[in-house]
Ligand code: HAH
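Single chain ahead, by itself, as structure tokens, in the form predicted alone.
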């Protein structure tokens, strides 16, 4: 169990050095205190959790905000880590000015593409010395209706070719970095089929996509997770794509669970969580030829986006370290193979 002292000196990154990079989503605050210690011991890849998203790093047309990413980049370089860039094109967290002209009217296709090019060029040139992969387009496949592509301002103004155009621009400036399409639930059969269709068509049209990101926002109650995951890996690998697990966390709640009266995870929850982490890492190792990076979406349960989502006022505990930064049984399970 967690008290197993012989496990205390093991490092995730070192244990998996012959398999894939081990990453964590971080904020600048994570570069100090107990989170800093965990990062230095266990991780060799970092993803800025929000700092590279369009509205944060480029809030106004003539103004960039590089401060937080600069701190993360400096920390990464100093400690021999790499960055995953996240993300250029997303229906969310994109400032309104991107889609408006100087008169406040809807911008033309040409103007939006020009702005996207300037944005991608600026970020790629600034971070190409440390970024090994970019999430170029995020969550473009529709999952709530029968439609194939999600409605967004990018698609509305540029058209369905916005995905292809974004990858082509990124390829011009990204140097050796790999270019990824990133999405959630894309291991689920209903969305796997759609995502495969979109990517296959893009690749057949010469779109420079190197890989796919499986976000992996999972929970401990999904009985079909392992079988769905294996199927998805094989389907995406059949397209010749690299696979990154980009945003891994394993909630102790089913998505539909509306409880708010739990103030710490139950022993049953922690045991199930450890088993799920153990099982999915076994799959990751099995497919190490195509999986080249696995990133946890956070460091410890002290800070997780799953707090208050999807249920406001609810705490969640989806990561490998508890709220005090102490290892959970899940960590030992994935080290002990």
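Worth saying up front: this structure is predicted, and the values here are computed from it rather than measured. Residue numbers count along the first chain shown, from 1.
This protein has a second form, the form predicted in complex with the ligand, left out of what is shown; the following refers to that one.
Heavy atoms within 4.5 Å of the ligand in the model of the complex belong, among the stretches 27 to 35, 305 to 313, 63 to 71, 275 to 283, to residues of 305 to 313.
Interface residue among 94, 152, 251, 138, judged by heavy atoms within 4.5 Å of the ligand in the model of the complex: 138. The single contact residue among 164, 178, 119, 217, judged by any heavy atom lying within 4.5 Å of the ligand in the model of the complex, is 217.
At the 4.5 Å threshold, heavy atoms of residue 53 reach the ligand in the model of the complex. Using a 4.5 angstroms limit between non-hydrogen atoms, residue 247 touches the ligand in the model of the complex.
Of the heavy atoms in residue 84, none are within 4.5 Å of the ligand in the model of the complex. When the ligand is considered in the model of the complex, residue 43 lies well away from it, no heavy atom lying within 4.5 Å. Shown here without the ligand, the chain has only 297 in 277 to 303 lying with a heavy atom within 4.5 Å of that partner in the model of the complex.
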